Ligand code: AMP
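Next up: just one chain, as structure tokens, the form predicted alone.
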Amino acid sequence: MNIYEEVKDAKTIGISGHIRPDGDCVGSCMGLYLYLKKVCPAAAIQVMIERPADVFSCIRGIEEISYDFKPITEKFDVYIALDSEKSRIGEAEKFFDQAEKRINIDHHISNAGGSGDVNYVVPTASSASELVYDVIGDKSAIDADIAKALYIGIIHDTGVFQYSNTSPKTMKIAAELISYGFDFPELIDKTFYEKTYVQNQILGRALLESILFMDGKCIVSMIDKKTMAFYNADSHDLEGIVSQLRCTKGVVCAIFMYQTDTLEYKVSLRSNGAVDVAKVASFFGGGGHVRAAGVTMQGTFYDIVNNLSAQIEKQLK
């Protein structure tokens, strides 16, 4: 796919990623936005996603995101869903459905068919940001700001190149991106590793109250609404907890959940590969990758753990 060829005649272009946007969602949306603004100067282009974490304020144009989901037009000529199938782009789904042309760029295995009229879905890709780099036909149009946004997306979905979704192609693209001269070590530190004091406190709480089960092969922890209120924290402050849980020796699958409503939890799963957590999440209506997936579930903490455990145990057997 050459994204310019797909949108060059459009007067209005919308871009959205999934709810609760992570680094790859933000990086791919903003990288594509900055590129299209450059090559389609006459078009009105709008990014509509939920407010990203403050760590991504280093991306140029981030303040231009429409967090309120108020469209610039009643009907977009082209609407692009990134890093997700259409049902996970939240309030933007209706704008995607109504658009004259719908494009879906994604790397989630649970979205094999794609949701658009034009689809570029590659489950083996490291990230949606890698795929955005792919669809930029004229690489000479990439500048330091576009490169920086895409690099942020790639490092966040590969765990700074340590996850198995990192391929030789991923490393080659990353090498091309850092050649634009931004301070990539600082970018990694500030957006991936650095945490606020509150984030470290909640991480400590989650680790302290975690539970090992299945003979130490699984670990789970939960943060309820009362605890989040005590620390004056939101969902952005919980980033990275599930990955830290997975680093526990002997653990092959980690579960972290936080309460979003009465008897409702947002669940994140991480695996070392022994468990396909995308299959586990898909069973309950979620999705993701073999090693990283998520789902929203209803019930008590113990009910949810029991239901997840049954699916995890099937794979371990």
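Note that residue numbering begins at 1 and tracks the sequence as displayed. Note that this is a predicted model, so its numbers are computed, not measured.
Note that the form predicted in complex with adenosine monophosphate (AMP) isn't included here; everything after this is about it.
Novice: Of the residues I255, A292, V275, I49, which one places a heavy atom within 4.5 Å of adenosine monophosphate (AMP) in the predicted bound form?
Specialist: Going through each option in turn, the one that passes is A292.
Novice: State the residue from S110, Q244, N119, T166 whose non-hydrogen atoms include one within 4.5 Å of adenosine monophosphate (AMP) in the predicted bound form.
Specialist: Exactly one residue meets the criterion: S110.
Novice: So, a 4.5 angstroms cut-off on heavy atom distances: do all three of G23, S127 and K148 pass it with respect to adenosine monophosphate (AMP) in the predicted bound form?
Specialist: The answer is no: none of the three residues contacts the partner (heavy atom, 4.5 Å cut-off).
Novice: Using a 4.5 Å heavy atom cut-off, which stretch among 55-63, 245-253, 27-35, 266-274 contacts adenosine monophosphate (AMP) in the predicted bound form?
Specialist: In the other structure, the partner sits against 266-274.
Novice: Quick check on H156: any heavy atom within 4.5 Å of adenosine monophosphate (AMP) in the predicted bound form?
Specialist: No, H156 is distant from the partner.
Novice: Flag R102 as yes or no: does it have a non-hydrogen atom within 4.5 angstroms of any non-hydrogen atom of adenosine monophosphate (AMP) in the predicted bound form?
Specialist: No.
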